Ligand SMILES: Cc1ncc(COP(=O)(O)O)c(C=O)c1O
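The form predicted on its own is given below as one chain in structure tokens.
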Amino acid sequence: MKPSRPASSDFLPHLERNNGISLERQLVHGFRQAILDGQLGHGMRLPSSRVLANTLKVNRNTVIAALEQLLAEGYLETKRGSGTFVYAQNMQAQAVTHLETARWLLPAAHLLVAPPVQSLEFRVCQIATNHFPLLSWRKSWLQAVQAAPPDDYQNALGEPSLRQAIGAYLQRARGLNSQPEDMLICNGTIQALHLICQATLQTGSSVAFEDPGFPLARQVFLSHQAKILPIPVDQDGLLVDQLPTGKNAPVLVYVTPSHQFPLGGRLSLARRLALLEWAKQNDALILEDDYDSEFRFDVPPLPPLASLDHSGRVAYIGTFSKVLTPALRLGYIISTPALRQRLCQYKTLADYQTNQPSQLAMTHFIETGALERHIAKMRRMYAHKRSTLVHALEPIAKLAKVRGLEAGINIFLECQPHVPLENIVARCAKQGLVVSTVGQYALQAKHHGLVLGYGALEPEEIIQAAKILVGAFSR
């Protein structure tokens, strides 16, 4: 039996005649990249130099010189009487393996970020982006791109007009007085946390963290070699009296006072004042993450920690991710001048500035009242969804109590100690419903229950999901 003929390739590199790069170099690069990408596999035969020259309409000597270069680099081999062949067996895999074990590459971080799923899910912190105010946003975006972009980098603090607009909005919505110069525009909460860590933490610095709490924020602190001090929380928020004092006091305290994540409680006014006093006495900084304070139900708003601070101990972090969409990557930090100066320096090193057109569009969106109209609409919608979920969970009221109803788009379903949470999660999964236990957000805390996000679900989906969950409890 005759041996099978090797596969022939009809691949031809793309050549540009007037780009300043010689045709020989373009041929070498084109074939080399095709081999590394796997487009040309090991053992494939290339067309002859004469065929390549005629097809590509280049001088044959140019083709021969390029092939000889690839032969010298080990990408090709010749077989007498047979032709030129790709000699790149496992070349790509070997390169990747080498890079993965390079001495300059640190071990990969294990990110605690839940990937999107296709089934029904009580997805935590997910918003209803299908109600995005597209018409108003288009008008704002068109306004933002009326003028030609600047020919140089802009202020790393952000557009003055946006800082002015956000400050005026926070005064109306949160009672927080700030000036444009008090604020730095950033790419969302995570960048804000990274910048603050760079400006304040050394290796081994202690950070007090709500337990249970926001896992991704915790990982940011860990990535800066900080030591996490888990502090318990209850329905009134962080237990301030559990914070270490004196030489053992942490440098930073991370809190979500408007709607504690994930239990849903609000930090009481008494504890807010106690936390501010603790920070003053122990020379510490409070990071106030006001991540979804816009969505409040049935209760009057409590003042932000930053509005009560008279000693410069609070860095206030806000974002538009929960009120509009996380895709915008727009957030802000309000802080004291000394900290802000350092944040500005690290922002410059990170990416110099946040995208200018997005900043200008958001400025117009706020100044025209579109932001507050959208928030009012979404607050009514989320209130309806919340009511739908609470009503649908009434059949298990004796086994599980709904908490964290005052704000946000998540609830904490606090279960009786004997309720088998893992079994319930497994039963729901068999029915196509994904739910999270509070233990997924804790380091040491022993709260017993489920965290249910309802923001992204339509009312009929909430009813369907709750029916599955109630059924899982009743087995």
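No experiment lies behind these values; they were computed from the predicted model shown. Each residue number is its position in the shown sequence, starting from 1.
In what follows, reference is made to the form predicted in complex with the ligand, a form of this protein that is not presented.
With the partner omitted here, the stretch from 286-294, 228-236, 174-182, 70-78 that lies within 4.5 Å of the ligand by heavy atoms in the model of the complex is 286-294. The shortest heavy atom separation between residue 322 and the ligand in the model of the complex is within 4.5 Å.
When contacts are judged by a 4.5 Å heavy atom cut-off, residue 122 does not count as touching the ligand in the model of the complex. At the 4.5 Å threshold, heavy atoms of residue 256 reach the ligand in the model of the complex. Mapping the unseen interface onto this chain, residue 244 falls outside it, with no heavy atom inside 4.5 Å of the ligand in the model of the complex. A single residue from the set 189, 140, 200, 358 has any heavy atom within 4.5 angstroms of the ligand in the model of the complex; that residue is 189.
Of the residues 382, 214, 85, 278, just one reaches the ligand in the model of the complex with a heavy atom at 4.5 Å or closer; this is 214.
Contacts with the ligand in the model of the complex, taken as any heavy atom within 4.5 Å, map to no residue of 263-285.
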